[in-house]
Ligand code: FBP
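Read the single chain below, which is given as structure tokens and is the form predicted on its own.
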Amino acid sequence: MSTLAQQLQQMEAHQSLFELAVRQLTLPVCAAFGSANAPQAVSFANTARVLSTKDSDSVAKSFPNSVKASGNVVLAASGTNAKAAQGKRVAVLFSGGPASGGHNVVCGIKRVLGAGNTLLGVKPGPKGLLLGNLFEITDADVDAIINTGGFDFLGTDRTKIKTDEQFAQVKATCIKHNLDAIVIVGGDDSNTNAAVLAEFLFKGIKADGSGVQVIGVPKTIDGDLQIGDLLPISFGFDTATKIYSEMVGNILQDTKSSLKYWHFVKLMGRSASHVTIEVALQTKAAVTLISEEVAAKRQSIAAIVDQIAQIVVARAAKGITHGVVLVPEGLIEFIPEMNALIAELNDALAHNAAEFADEPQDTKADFIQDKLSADNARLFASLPAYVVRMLLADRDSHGNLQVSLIPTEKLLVDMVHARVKEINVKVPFSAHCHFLGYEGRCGAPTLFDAAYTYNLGLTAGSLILDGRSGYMATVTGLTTGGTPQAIPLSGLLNIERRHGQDEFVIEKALVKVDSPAMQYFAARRAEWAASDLFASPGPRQLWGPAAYQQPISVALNSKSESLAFKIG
């Protein structure tokens, strides 16, 4: 075997030159933790900040133990924890979709727990907790996974723990493995589940009558888990948006090179448009749609199509017959007329489930259309078959329409093409469609996400050693050194109607149309539409001039003085 062949084989199984290098990367940590490789656990004390929602009274009745223990008061690190607990057995799991940086959360927990405590991994996700599929995480595991992307070390799934049988399974797992604490790494729904589990496991689980602590860690590339200055962004967002921005930047460079194509790029983000506005700020595409703005202005499909078509025609008049349109994944649910149709479809499908299931495939649409009001029936009938099929597809585990399956970008292309020809038949319009989703979820974390998640892990582990339960770990002051804090989960809960009944949930954070990021975007987009002012931000950097760049939208919304983050 040649020397080169041997070198190539040595680069298999996560041993590429890049992966070997990132494992050696030194991460900045909050000063409260000391050093990165030998961090010290911190203790926590109450701040003056108390959280509440419109449903706090109902939450207090349903989560009495959690509310009594926390008072819904935010905690902040108060110094090194000289009396940190020993002998703890802690389980950690990933829940929901992957996001870059998850491995560093695990590494942070393991290192702050130290040799006197045991960290167990759960495979895969909440389902693994129900099945009792746990294993001990070693120091060698941490060395192998640090700064690497994906959730593959533990795996993940979307099981929602809510039935009496499931709660009994969790209790059995806690007893069998003698667990003292569980860390749930997930988004708004997963952290809602963490709040429910924290209350259920608060006491009476172990032989001495004590309970099992539950701590949440905020994860989602969608960026829809935000709590003002307490949680400016969830982890994974920065990595995903930088990956998408590189791809969109490449496409923008191609449009200026080939001079003849419009590219419609749908970007992941089921509910909120945080990903889309961040990519727009990074790349300056010609057209960017923001779902929340569409809803606020009550724009119809026809109005959106005309808006895009007018820009296409105006650019063509300048000899610019190319461009990029950024489309949020969840756009279709924010268009008022479509939102009304989807709401009625959800009810019709739920109330006629058995009959709909028995209906032949080629008559399912007609069957449901007959159950709709006149206006919604007309709109439903006007939609192309490829959209109708997806509108009638099975809902996800939370009862939501699977908007990622709806080719919104194709629908817009078809409608814009027709509208452009109505305005000026001589204007050329050739388009390509893209959906950037899975490409961004599991890449190696940016330096921002790598450092952020490691510090979140250190915070979560410290909360466990400090005897806390029912909190979500957070790190604030991301441009001023970083401060470990803890958000009481019970202080975030609201009541929403889901699956035909009231449920406690953590509310999704949507893009605020009056936010600084939106104001800046709105002030610049006309210039971006009129001329090619796009930028190609290039690949994410772990070393180099852009390595310390935080998300632009986060910098704007937090009124930062610069794009640079600073931890430690």
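Residue indices: 1-based, along the sequence shown. The structure displayed is predicted, hence computed values, not measured ones.
Quick note: we don't show the form predicted in complex with this ligand, though the next part is all about it.
- Residues placing heavy atoms within 4.5 Å of this ligand in the predicted complex fall in a single listed stretch, namely 266-274, out of 266-274, 133-141, 417-425, 451-459.
- Out of the listed residues Gly323, Gly249, Pro124, Gly97, Gly97 is the one that sits within 4.5 Å of this ligand in the predicted complex by at least one heavy atom.
- Of the candidates Met472, Ile290, Ile184, Ile221, Ile221 is the one whose heavy atoms come within 4.5 Å of this ligand in the predicted complex; the others do not.
- With a 4.5 Å cutoff on heavy atoms, Glu329 counts as touching this ligand in the predicted complex.
- Among residues of the shown chain, Tyr438 is one whose heavy atoms approach this ligand to within 4.5 Å in the predicted complex.
- Contact between Arg158 and this ligand in the predicted complex is found at the 4.5 Å heavy atom cutoff.
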